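Encoded as structure tokens, the following chain is the form predicted alone, with no partner shown.
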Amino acid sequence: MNSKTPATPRLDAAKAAMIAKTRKCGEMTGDREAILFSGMRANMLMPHPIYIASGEGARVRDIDGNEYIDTCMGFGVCVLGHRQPDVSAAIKRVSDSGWHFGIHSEEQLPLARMLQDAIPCADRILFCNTGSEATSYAMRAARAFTGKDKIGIFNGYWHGMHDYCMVAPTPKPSRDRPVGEDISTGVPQAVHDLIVPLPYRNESALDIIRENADDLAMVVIEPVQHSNPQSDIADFLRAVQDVCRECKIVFMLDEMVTGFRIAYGGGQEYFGITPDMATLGKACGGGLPIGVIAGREDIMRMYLPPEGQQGVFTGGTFTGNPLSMAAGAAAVAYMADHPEIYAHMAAQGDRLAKGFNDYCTANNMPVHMGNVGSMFHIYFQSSPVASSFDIDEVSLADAHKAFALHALELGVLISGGNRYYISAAHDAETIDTMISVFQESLARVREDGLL
């Protein structure tokens, strides 16, 4: 350690404690690395990931038996918490009868009807298996409907794993006029030519859309970016919608995270906006894999054209499988019957952010938490954040990682991806514990000289 590097006794102690109590996780990592390329990264500053054995409500337990308050919540999936009883019963009911047939089952229609009732833009519904499938099918339908090829995507987005989502807007050379940058190798240059990079929360985006009107099939945006949750976004969403309507471009909300999370009707209900199309997943699958495309009748008709005409191909062996349909129907039915969960999650999310931010302000720490209801993000910087172009992930990166490890050692599991969620199962006492753990973790980071 050179003389300019601060000693980190509290971090070293937390790391040693975690390694000591997660020996099975350490052994599992070695066994996996010999055979699996799974994309898993070590949690925080640990030399190995944490492997989860079970979950109940707001908590999970690792394979070593350690319990944590969970803020990953299935990466936003588990709005009702882990092993919600109604969902569990639905999965058991179907599994007792056989869980996959390939052809249709009676489980699909009940969920489709509930989704159509809940989602403002849902004249028609199409099921698929994942969020990535949903966004790729939606883009395909928009191209078929408009006869145009390009897709507009904003910086800070996440719309899935297919090639058209592997080109991200970058502020170089200009924040007002971003260009596309690969976030993966293996993406053909031809894909770049089909993406129109757009600056988030920047009126220049409207000019770019108009300039590309003859080529743009669709503009897609999240009502709330889970990488940067901002609640004062309604005016910008409406402006993007208006310019798309003006230019005859399909306007799509990607509600993979916000759907059934920030409101029963998702971002569409929350912000009072009805897009041409929307994609959903996560929460409406009750914890099982699902993707949903919802939209206007005329656009959705591209998936089922008149006989003799070629339509937009979709398909998948597990599409609309009975387990996902039954679990989703149970989850959505519970949400419909218990609208109070949304006020609860919003209140607890706001209380968590206030407790965190008040502590940082009182102690002059360059850290703050942003949230929209039950979605939150922690920024290790003092400067304000409007879009991903403003996020500094470098200057205090060591402090951020140390904070996450301390929180883990104190019993709150937060992921390295800095996208966090609470659920309807996170009660006031749980939130109090989280506030206390976060404050103690920040104090330890400062005591080690990292903050």
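Heads up: residue numbers just count along the shown sequence, starting at 1. From a predicted model like this one, the values you see are computed outputs, not experimental measurements.
Below: the form predicted together with a small molecule, not depicted.
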**Q.** Interface segment, criterion being heavy atoms within 4.5 Å of the small molecule in the predicted bound form, picked from 264-272, 85-93, 154-162, 107-115
**A.** 154-162
(Q) Does any part of residue 286 reach within 4.5 Å of the small molecule in the predicted bound form? Heavy atoms only, please. (A) no
Q) Hey, in the predicted bound form, is residue 132 touching the small molecule, heavy atoms inside 4.5 Å? A) yes
Q: With heavy atoms only and a cut-off of 4.5 Å, decide whether residue 226 touches the small molecule in the predicted bound form.
A: yes
Q: Report whether the minimum heavy atom distance between residue 222 and the small molecule in the predicted bound form is within 4.5 Å.
A: yes
**Q.** Partner-contacting position among 257, 294, 331, 249 - heavy atom within 4.5 Å of the small molecule in the predicted bound form
**A.** 257
